[in-house]
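Just the one chain here, the form predicted on its own, laid out as structure tokens.
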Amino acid sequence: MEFRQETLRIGGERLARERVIEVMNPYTNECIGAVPKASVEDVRRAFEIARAYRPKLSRYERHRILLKAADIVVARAEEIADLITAESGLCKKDSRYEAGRVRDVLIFGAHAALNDDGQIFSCDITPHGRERRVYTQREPLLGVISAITPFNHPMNQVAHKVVPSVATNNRMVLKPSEKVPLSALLFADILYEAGLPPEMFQVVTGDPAEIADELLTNPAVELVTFTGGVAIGKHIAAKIGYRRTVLELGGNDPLIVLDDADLDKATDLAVAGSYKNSGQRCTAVKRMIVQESVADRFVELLVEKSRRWRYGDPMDETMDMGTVIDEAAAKLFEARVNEAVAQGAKLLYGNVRRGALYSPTVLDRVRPEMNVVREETFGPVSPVIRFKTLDEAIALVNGTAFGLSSGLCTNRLDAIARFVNELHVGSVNVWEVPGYRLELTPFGGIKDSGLGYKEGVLEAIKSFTNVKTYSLPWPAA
């Protein structure tokens, strides 16, 4: 299958460019398409078009556009899945699941567009009050939203930026990862087909080294929303000056297993949390923190189930896992595992690499200072750290720079309460993988995982709007 996209969206126009970025299939290493390498002038033109346009879509019109886009996604789900697999190396099971999630984001956004999100405050509630009422309403930003998305969810990450923007009548210029730009362009086409004015959402493809500063500092930009690595996120925060920023950064998410846990169920969660999406999720299980008394049996089951996890050609319908994003990423995982083994960790399965194809990998006797768990290892590696007491487990979870999410396997209510209250993370999922959420619910982290602002359709709508208050005389009831 071959996908070709050789045009740059700027205000709905199609502008041919001599300079292109080739999009490579990580499994075959073949070029599957090419997109333009936008210049700084191209980016400036996109922002000029966005700033000059004033969306006037009613709530109903926004609702209908997003619903129609959802119907198109459902109708073209296989095409979408094939494209995601071809440019990212994710297996068809994962890419089909992603297409379904994109549909969910569109549906939730469509319904959110209908909500009257204002509040009413009676003013006669204090001795100093008056017979008035204060009302609020949310309004789109005066400036343009600049959005930057990563490679690991080529279309769903884009949907999480764009749908709340459309739902709130904002204008957005998006730069997708140069490694997976085709899915973003297809999503733009779907929205245009559904009736979205192109000026409300434009995609620019290019080399971040060339155009990133313009995406951050263009005078039209009022808010930057970024999903990606910590170093880049901190650079953005330092660069943009007096602008709003929503940063969804990395994670080092644990699955915590206590001694009362059903180990069969816990290891099912462990392998799914580690290996789905080739382990390339900020909320993937990056560390397995297991109570000493059950660790041997847990590890035995983990290895057994990891061996059954089929990996290989991403287009093969029988595969549970495809490649990681590129060979450089696979080499990094291999090196970190080798380093951990040299420092005393036990390699029980995996660490096999062929190009960008990297096997599910199990490490036991890992210590928290090892880079494989101290840093975010963004691939299918399952490191096991053992602990004795709840205090020790809590300290292990909190002992990294990250604070995104966590999963917890226990039936003890006292332990659940402690972990919910004491973990320095954005979410705690009991008997689930750290990554569990709905596309509607708040999602995000603290510390090096983000500034505390949340994604998810409803929270993003709050970030993408300004609150205006007004008051009227109103006699007390």
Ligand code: NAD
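Residue positions are given as counts along the sequence shown, with the first one as 1. Remember, it's a predicted structure, so these values are computed and weren't measured experimentally.
Just so you know, the form predicted together with the named molecule exists too; it's not on screen, but the next bit is about it.
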Would you say all of 150, 177 and 404 touch the named molecule in the predicted bound form, counting a heavy atom within 4.5 Å as a touch? yes
Tell me which of 115-123, 297-305, 364-372, 208-216 has residues with heavy atoms within 4.5 angstroms of the named molecule in the predicted bound form? 208-216
Which residue, 156, 227, 170, 351, has a heavy atom that falls within 4.5 Å of the named molecule in the predicted bound form? 227
Go through 222, 87, 376, 94 and name the one with a heavy atom inside 4.5 Å of the named molecule in the predicted bound form. 376
Contact label in the predicted bound form: residue 232 to the named molecule, heavy atom within 4.5 Å: yes
Answer for residue 271 alone: is it within 4.5 Å of the named molecule in the predicted bound form, judged on heavy atom distances? no
Counting only non-hydrogen atoms and a 4.5 angstroms cut-off, does residue 105 reach the named molecule in the predicted bound form? no
Would residue 282 count as touching the named molecule in the predicted bound form under a 4.5 Å heavy atom rule? yes
Residue by residue through 244-273, which ones have a non-hydrogen atom no more than 4.5 angstroms from the named molecule in the predicted bound form? 248, 249, 250, 251
